[in-house]
Structure formats: structure tokens, C-alpha cells
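Laid out below as C-alpha cells are two forms of one and the same protein chain, each shown alone and named structure 1 and structure 2.
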Structure 1
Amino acid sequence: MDEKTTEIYKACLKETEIKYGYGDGFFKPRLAGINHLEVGHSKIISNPVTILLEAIFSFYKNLRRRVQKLNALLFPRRHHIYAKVKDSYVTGRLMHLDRAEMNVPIHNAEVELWARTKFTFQWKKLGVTVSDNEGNFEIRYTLREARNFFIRSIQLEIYQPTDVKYNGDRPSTTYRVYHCEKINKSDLIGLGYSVNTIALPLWEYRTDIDLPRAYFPENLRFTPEVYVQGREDALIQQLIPIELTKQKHLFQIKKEPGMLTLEDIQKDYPENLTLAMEKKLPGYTRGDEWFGFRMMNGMNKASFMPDKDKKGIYHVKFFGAGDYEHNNEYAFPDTDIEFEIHKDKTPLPVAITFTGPLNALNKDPFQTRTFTRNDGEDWLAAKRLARVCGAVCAEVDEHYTGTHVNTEQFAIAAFRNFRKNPVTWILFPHLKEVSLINAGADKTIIGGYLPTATALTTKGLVNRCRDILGVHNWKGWQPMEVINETHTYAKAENLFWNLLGDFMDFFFEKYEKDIKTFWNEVYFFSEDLVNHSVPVFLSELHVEKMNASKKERYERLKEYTHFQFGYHPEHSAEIVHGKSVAMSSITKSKTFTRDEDFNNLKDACRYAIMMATFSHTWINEHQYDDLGEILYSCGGLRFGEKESGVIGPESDPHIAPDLTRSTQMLWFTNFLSRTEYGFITRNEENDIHPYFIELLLKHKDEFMELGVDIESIESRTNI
């Protein structure tokens, strides 16, 4: 890109970066909460009576918060235990309450025995302990203290870490009562009292799907986690205007579809990057340079694989519907884009080869067609189709699988197992809320929007996700190699990765002792990661039984996918239920024994945080840039009925998405791109280590030059 174009580009970026300033006025319509989001009509409250009731409810919530504060003041929890001779004990066993079995102990959980006095209602701590690796616990206490006349009630409390807070650079974990068991005072008669097995639904794995996903019971009382209030408020605020727009469109489509056009829909949503560029440089966004630039540094951040023979030639590949269950509405062929890259120049596309159907007539999955720069109108159409296939791959493989689900597998394993180990302080803040947003995405995206707007069905999407997750492993992962001066994405990724590495070194050195002390948590974390890991990519296929074209396709697929996700199959050494799984083990010992394991833990944490922060934010933030103009790119081009199929002009509305899909797409990409909540440097919840923030801010300008506003990198995957 020349200087002038770069100027314009930067200006457009700034212009299209919309921040919502929507006030929280009293009688303004409100949204009923994130859990009520729908692709169709999200629940918007406009009835004044309901709004009034809402207001009363929020007043009550405030009041309750105040009462709780007063409560804590009047009835403090004093943690000192005065008793000297502890002659009796309360014992039991903590287990995970899986839906099917009760076989996994909860280790290192803090268990406390508390009493409350008669008349004055003061709290008195009788004893405390921590469950062992088998989930067993034994709290020693003094019988006469518990059976004292002035004691009114006794309860056993089981604590679970919920939040991390920093006081300066001193981290601490907030523990909340996860379960409370009342004990009859008169049942305490000395020696042992057993509460037997207490089975708690605590971050259970889903069993209805072959993916490491958290089980969210219908009964919300047991939801593993909830969004923090600020996060919920921010989203609701930002969503309202576009939600209203979408609803208006859906209403019009229902009543008089003929009156609404794609242009109308486009105009109703905020202008995005490509539209802004088009205004200033007509035709530029459909040109070769922009194409190469966005492939390299846009939402796709594609992986440029050097050609085996020709120097300076690279390939970007998007794998299409293939054998995954799909519909016959949208084209999703395999796409191979050949680029030429000159020294320190933007990549330029030379040829694009599609394998698979491009129209509704010929359904042969192995038909190929190649387009080159000399193909005129068809070349434009080929680039459009390539953008669309790239967008679907970026969303499904990179965004959903690579960051959302990938992070969730670390999140579940971490929340199930870390309680005392200092890595809690660096993992929890980055791993929270991802399971929650994924559960939401199941409904609205994987089971809602995508199957109607792309070639893949829900089943196809889930299977693809399971396959692609099979090339995600913490071990051996490295950021993308920088190809040349213009490769700003890779530079930013490397910079972030290195800074994260510095932070990890700092943290692991500082807390080395405790990390090793509470090593059993690392062991169980590693076990959960490995035992719930998906099989290695394509390892379940019987390639030897395939015909030549299929076999050849899978070989290409494997080679490119390994390259794309920085996956090294030699590291996947674990076998679970007879299957070789993707995740590497961190440690095989419940006590710390090998220095190598310490580094493994460091690497695994670094990887998980990288995915949850930088990797996710990148794609998420750029969705509206690259998927905010219906005719530029979308989830799928329709075959239509013509012989030319998807290789047609932008002016043909029959191959573009329909009206409903269009408004839904803009609704999605818009609100997904702009969550104004949960940034590393802004540290809204005071749960990020100040040194990490300091490191990033120190390189603010450097990041800025690479097109990354470091202050907009999210601390977690929550949208």
C-alpha cells in the first residue's frame, strides 16, 4: 500500500470505530439480559409497567446489597479459632456430581465449620480444613464449644474460589460459599460426625457432545458461573440500537418484503471499514492489493504457506464443506489462493482454485476451477467467493474452535481443579465467562444463525469443530512467522506472545514455591485437559479405505491445518480410551518432581492466556471490518439457479444472502465486534497483574504502529 492509501485507510479505521453513547434512561426500552438474546426477536422491554417493575426489582437488588453490607458489619466473620484441644471432628467426602456418576473427588476445597450464637447472632468459627486428593476431609473442633448453650446453629461451608483481586501487585483469591450443609447441634456428640458424600455439580463436562464443554444445567441455581454485572450492562447498552434496527427489518420482511432491499438494510447499520474505503477510493476494496492486505492483516490473518517449488509464491487455503453435513443452498468449496509476495510488499493474488460445486447443477465434489487476474469480472467474483470461504473458516475454525472452544477446555479444567495454586491468579481472570458465552453461542450461532446462513448444518459445524480442535495443543505452539515488513499481524502477535512470556517468567519465578506446593492441582488440571481432549485431527479416519482424490485431499488438509494452527503431532503422546488425543500432558505426578513439568505448566498457561486474549480479540474485533458489508463478504453465497452459479456479479441478489440473513449478519458482526467491557489494561475488575499491564502499556506505541490498540485487547473471551 502506498502512503496515501495508508493514510486513507487509517482515517477510515478511525471513522468506523463506533462507540455507543446510549444512556440508561428510565423509560427507554431495555433488554431483558444476555440470556434472552435471540437471532429473531430478542426480548425488549417497552411496556411502562414492566419497566416500572424492573425498576422496583433493581431497587430491591440495591437494597439487598446494602443489607448484605450491613450484615457483614454487624455479624463479622472472625477467623480466629480459640480452642486448644480439638477433641472431635466432622468428616465427609466431596465429589463432583456428574449427571451419570459420582466418581471424581473434589480436592483442596476449603471446608469450614461455623456456629452462630443465640440472641446476638454472632459467627463463631469452630474449625477449618482442606479436602485431600480423594475428596476426604476431617475438620477438628472442640465438642464443648459446639454444644455450648449459647450456640444456636451450626453449619458446614464448602468454599470455591470465584474471583481474583489485586491489591497493588499482591493477588488474592476470593472464596465464596459454594455449598452449605446445616448440622443439627444435638447431632454432634463427640468423636466423628460424618456428613458422608457431598456431591456438588461443579463445572461438570457435557456428556451429550464429544467436545470438552461445560454443562450448564437448566436449573440456573447451579450455573457454573455468571457474567459480572458490568459486562452485562455494557453489552445491553451497546446492543439496543442495533437490536431495534434488526427488529424493524424483521418486521418489514414479515409484512412487506418487497419494500426492503439489501441496500436499505446496509444503510440502517453503521458504516463499516470497507464501505468507508469505497467512498474515498471507489473500487479499491475489490482490488488485488486490498484483497492481499486483508487476507494477511484482516480478520482472517491467513497463514501463508510457501510454495514447495516456486520462490516468492505462497498459498492460503480454506477447506470447504467436504464431508461435513451441509445444505445445498450455499457454496463452500475448497479454496486455494496463490499469492506472490515481493520483498516488503503486500501479497498479491495470482490465481484462485476452487474444488467443489460452484453452481446448483454440477454437484461433483472434486471438480476444480481456476481463476486468474486475467479473468475480468470472474476474477472479481472468484475473490469474493474466496473472501466468503475465508470468512467462514475464520469464524468456525479460528474464532469459534481455536479461541472459544479451545479456551473453554482450559477454563473447565482450571475451574474444576485450581483452588490454592497461585496460577489461579493468572488463569481465572483470563478464562472466566468463556463457557458462558459459548453456551449462548450454541443457541444463537451454532444452532441458530450459522446453519441458515452458511453451507454447514449444526451437526456439520460441531463435527468440524471437534476435528479442528484436534490440532490445538499448548505444547510446541509458536506465533505466526513474520513473512515480510507488511506482515503487521504476525509482528503484533509475536510481540504480544513475547511480552506474555516475560510476564509468565516473572510470575512463575515469584510464586515458584507455592506453585510447586500445590502441585496436585496441576496434576488434576492436566488430567482433565488430557482426558477430555478430542482425538488428534483426522486420526479417526480410515484413510486407507478412501479413493485417491479423497486421500490426497486429506493429506493436503492435514499438512495445511498443522501449519495454520502451529500444531506438531509428535507432541500429542497421550492415549485416552484407545484414542490418541491432541492435548499433551503437563505432569504425571501429584507432587512436584520434574523441572520440565514446571515449564510445561508455564507453557500451557501462556498458551491458554494467548488464545483467550490476543488471538480471540483479533478476530472478534475485526468482524465488522471484514463482515460488515453484505456484498463484500458474508457467511455464504447462494448457488442460485444459473449455470454461472456463485461466479456472478455483486449486483445479482440471488447469489447474495437474503434479507433476513443480511440483517442478522450485520446485527451479529456489529455487536460481536464491539464489546466495550473486559480489557486487560483497563482492568475493570482489578484482576489483572499490574506488571502484565505495565509491560503491555510500555509497548503501546509499538503496537499502535502495527495497527493494534493494546488498550482494546480483551482480558478474556466473553463475546
Structure 2
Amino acid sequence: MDEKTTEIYKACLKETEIKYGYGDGFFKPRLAGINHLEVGHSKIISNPVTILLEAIFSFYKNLRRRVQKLNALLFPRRHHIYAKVKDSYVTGRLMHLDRAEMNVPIHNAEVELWARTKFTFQWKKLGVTVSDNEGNFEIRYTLREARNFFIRSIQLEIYQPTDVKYNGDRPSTTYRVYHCEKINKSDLIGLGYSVNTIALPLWEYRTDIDLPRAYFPENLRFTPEVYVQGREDALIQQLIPIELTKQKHLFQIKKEPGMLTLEDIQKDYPENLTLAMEKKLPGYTRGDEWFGFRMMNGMNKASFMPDKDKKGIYHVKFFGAGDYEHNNEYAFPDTDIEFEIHKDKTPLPVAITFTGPLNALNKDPFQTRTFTRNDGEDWLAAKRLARVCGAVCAEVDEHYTGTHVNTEQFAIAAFRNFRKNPVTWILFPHLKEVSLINAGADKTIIGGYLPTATALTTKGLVNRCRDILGVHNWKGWQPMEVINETHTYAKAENLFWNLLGDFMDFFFEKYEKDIKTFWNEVYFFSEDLVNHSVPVFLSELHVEKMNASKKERYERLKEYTHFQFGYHPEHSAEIVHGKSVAMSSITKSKTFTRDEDFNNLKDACRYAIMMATFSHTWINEHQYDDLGEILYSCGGLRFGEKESGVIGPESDPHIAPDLTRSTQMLWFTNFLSRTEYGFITRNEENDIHPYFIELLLKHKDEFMELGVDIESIESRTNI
């Protein structure tokens, strides 16, 4: 960009910047009257019922908090143990209630024995212990205290760590009662009492899907985790206005579809970056310079692979529907964009080659068609199709699989196994809630929006996710290589990765002794990661049986995905159930024996936090920049009715998304981009290590020069 264009770009960024906070944000509901709710530029509702419901919800929130405080005040839990002579004991064993894996013990779980008095309902703690590696526990207590006349009931409580809190730089783990086992007071008559085996549905893996996903039972009592209250409240506040906008459009489409246009829908949502740029520089966002700039530094953050033969030429590749189950409405061909890149210049596209169907008439999956700058209007259409294919790949491969599901596999393994190890204090704040978000996405995104707005079906999406996860591994991962001076994304990614490395060095040095003391938790964490890892991408294919076209595509796909996701196949040496899996082992020992394993743990934690924070934030934050204008880029272009198919002008409504998909798309991108809770430096839950925040603040100006506001870097993959 020249100096003038850069100034305009920065001004547009500022105009369309998402403000996190409820003061005067665009999407804050504003009451303009007794029965009028206004959102953005759209006066969308005049319904006193809606306003009343919102008021009731606010009242409920306040009442709930007061009741919780009152209960804690009246019936405090004092952790003084009432025991003179510990002459009796309660024994038992804690096991996972896994459907696929039997006899998996729950280790290092805190187990407490509590009594409650008859008349005052006060709590008395009788004893406490921790389960061993086999899940066995024994609580010693004073029998007379338990059999006292004033004791009303006895219960055994199993605790699960849920969160972390910091008092200055001193961390502590917060727990919740995960399970209560009632014990009849009259049964405590002898030396010992056994509750036998207690099988708990604690962070189980799903068995209905070949992915490392958490099982969420219908019985909410045993849900592995819940949203923190602040996140839940913010979620509701954010959802109300954009949901009302979408519902208004869906109502209009149902009752009077002819009265609504794509332009009307676009105007009802806030202006995005491309629309703002078009106002000031008409046609610029459809030009080559903008195309290259956004491919390099936009939501896609594409991987530019050097051409083997031509210096200064790079390739960006988006692999389409291929063999995945797909519909016949949307185009999703393989896309190979050839770029010319010089030292201080924005990448410029030279040619775009599509492999696969571009219209509804010719369905040959291996047909190819190449477009260049000399193709006039077709070149504009080719760039549009490339943007759309790139957006789908960014959403499914980079965003959903690379951050959401990738992070979830670390979250399940961590919450299943870390209870006493200090690693809890750096992992839990960054891994919490991702499983909840993903469970919701199963219905709304993977089973809802995407199969109706893109070429891939739900089955195709799930299978693709499984495949792409097969090139994600903590071992050997490095941030993207900086290509030239305009590559601000790669610069920012490297800066954050290096900063994260400094934080890991600080933390692991400080808590080295305790990390090694509770090394058994690291072992079980590693075992869960490996044993539930997906197979290495494409390792299950019989290449020798493929025809020449498929084999050639397989080689291109393998080479580029390894490059794109920083995957090194030599590190995936683990075999599970006869299959080579993607995830590397951290340690093979239940007790600490090797310095290499210590460094492995440090690297694995660094990688997991990177994916959950910076990597996720970048895509999430830039969704609306690049997917906030329907005609510029969308989830899928329809084949339409002409022989030209998707190689047509933006003015052709038959290839653009329909009205329903258009408002759903803008709802979707707004909702994802406008996350307003859970940031590292804001530390809303006081769960982020202060040194991590200090490091970010120290590099604030450096990040800002690269277009990254550290205040907007999310602390976790929370939406």
C-alpha cells in the first residue's frame, strides 16, 4: 500500500473497530422508550414482553448472587478437622465411568468426610485424604465425632479442580464438589467402612465420534464444566441484539420475502472493514493488492509456500470438497493461488487455478481451469471464489479444528488428570470452557449453519476435522516464517510465541520441584493425549491403489498441509490400536526421570496456550473484517443456472447466498468476532498469571505497530 492508502486503511480499521465493553458499544441494547429496543441502526422491536423478560433476567441474576452469599454466611464450611483420635476409617476406590475404557482410576482426587448438625445445620469436617494412582483412598476419622447425638447426616465428598485464582503472584486452585456419597450414620459402627468403587462420569471422552471430544450427558448434574458466571451473563447480553436482528430478517423472509434484499440485510448489521474501504476507495477491495494483503494478514492468515523452481513465487492452497461428503448446491474446488512477492511489497496474485466443478453441468472432480490478470471480469470472479474457498478452509481447518478441537483435546486430558501439579495454574485458565463452546457448536455450526451455507455436509465436516487434526502436534511446532516486511501476522505470531516461551521458562523454573513431585499427573495427561489422538493425516489411505489423479492430489495435499500446520511426521512415533497417531508422548514414566521430559511438558503447555489464545484470537477477531460483507466473501457460492457457474459477477443473485443464509452468515460472524469476555490483560476472573500479563504489557507498543491490540487477545478459546 502507498502512504495515502495506508492512512485510509488505518482510518477504516478505527471506524469498524470492535469495542469490548458495554458502555457505548454498537451492539448494546438501548431503550429509547418504554417499549422500544434499538440495536445498531435497526429499530427492530416494539415489544414490552421482551423488555420485561430482560428485566426479570436481571432481577434473577441479582437475587441468585444474594442467596449464594447468604448461604455461605449462614452455613460456613470451616476446614478445621474435628478429630481427637483417628480410630476409624472410610475406604473406597474412584474410577472413571468410561464407556470404551474400563478400570481407569481417578488419581490425586481430594476426598473429604463431612457431617452436618441436627438443629443448626452447621458443617463439621471429619477427615480428608487423596486417592492414589489406582484410585484407592482411606480417610481416617474419629468415630465418636461421627456418632455424636447432634450429628444429623454424614457424607463423603469428591472434589474436582475447576479454576485458578491469583492473589498477587500466588496461585491457588478452586474446587467444586463433583460427587456426594451419603453414608448412614448408623453404619459407622466398627473400625472401618467401605463405600466400595465409586464410578464417576468425570471428563469422559465421547464414543460416538472418532475425535477427542468431551462427553456431555443430558443429566446436567454431571456436566464436566459450566461457564463462569461473568461469561454466561456476557454471552446473553451479546446474543440478544444480533439474534433479534436475525429473527427480524427470518420473519420477513417467511412472510414477505420479496420485500427484503441482500442490501437490506447488509445495512441492518454494522459496517465491516471492506465496506468502509469501498466508501473511501471504490473498487480497491476487489483489486490485486488488497487480495494479497488480506490473504497474508487477514482472517485466512494463509501459508505462503515457496515455489520450488521460481524465485519470488509463492503458492497458497485451499483444498476443497474432494472425497468428503458434500452437496450439489455450492462450489468448493481445490484452489491454488500463485503469488509474486518481493522484499517490501504486498503479495500480488499472478494466477489462480481451480480443480473441481465450477458449474452445475460438469461434475468432473479433476477438471482444472486457470485464471490470470488478463481475464478481465473473470479474474474478479476468480478472486472472489478464491476468497470464499479460503474462508471455508479458515473456518473449518484453521479455526474450528486448529484451535477449537485441537485445544479441546488438551483440555480433556488436563482436567481429567491435573489436580496437584502446578501446571494446573497455567493450563486451566486457558483451557476452560472450550469443551462447552464446542458442544454448542455441534448443533448450531457443524450441525446447523455450515451444512446449509457451504458445500460440506455435517458428515463431511466431521471427517475433514478428523483428518486435519491429524497434522496437529505440539512437538516441533514453530510459528509461521516471516516472508517480508509486510508480513505483519507472522511477525506478531512470532512475537507472541517468543513471549510465551519466556513465560514458560519463568514458570517452570519457579515450580520445578512441585512439577516433578506430582509427575504422575503429567504421565496420565500424556497418556490421555496420545491414546485419544487421531491417526496421522492420510496415513490410513492405500496410495498404491489410487489412480494417477488421486495420487497426485494426495501428494499435493500431504506436502501443503504439513507445511501449513508446521507438522513434522518424524515426531509422530506413537502407535495406538495399530494406527500411527498424530500426538507425541510427553513422558513414559510415572515418576520424573529425564530432563527431556521436563522440556517436553514445557513445550506442550506452550503449544496448547498458543492455540487457545493468540491463534484463536486472530481468526475470531478478523471474522467480521473479511466475512462481514455478503458479496465480498461468504461461506459458499452457489453453482447458479448458467454455464459460467460461479465465475460470474457479484450482481448475479443466483450464485450469491440466499436471504436466509446471508443473515445467518452475518449473525454468525458478528457473534464470533464480538466476544466481550475473557481477555488476558483484563483478567476478569483473576486467573491469569501476573507475569504473563506483565510480558504482554511490556511489548504493547511493539504489538500495536503490527496491528495487534493486546487488550483484545483472548485468554481462552471461548467462542
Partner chain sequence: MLWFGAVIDKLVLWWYARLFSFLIAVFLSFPKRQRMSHNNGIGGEGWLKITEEPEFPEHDFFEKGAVFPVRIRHASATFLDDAMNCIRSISIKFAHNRYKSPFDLEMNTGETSLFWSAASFMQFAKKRNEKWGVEYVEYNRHYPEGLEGAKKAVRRHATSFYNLHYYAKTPFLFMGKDKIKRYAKYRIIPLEDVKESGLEYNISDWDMSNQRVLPHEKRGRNFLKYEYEDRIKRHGASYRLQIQVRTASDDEDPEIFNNMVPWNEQIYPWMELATFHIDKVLDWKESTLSVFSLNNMPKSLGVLPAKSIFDYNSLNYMRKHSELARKARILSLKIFGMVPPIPDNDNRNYSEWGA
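Just so we're on the same page, residue numbers count up from 1 along structure 1's sequence. Model, not experiment: these values are computed from the prediction. Rigid core: the largest C-alpha set superposing within 1.5 Å between the two forms.
By the stated condition, namely the form predicted alone, the second structure is the one that fits. Once the cores line up, the CA of Phe410 ends up less than 2 angstroms apart between structures 1 and 2. With a cut-off of 2 Å and the rigid core superposed, Thr120 has a Cα displacement that reaches or exceeds the cut-off between structures 1 and 2. Taking 2 Å as the criterion, Arg144 counts as shifted between structures 1 and 2: its C-alpha moves by at least this amount when the rigid core is aligned.
Its Cα shifted by 4.8 Å, Val67 is compared between structures 1 and 2 on a rigid core fit.
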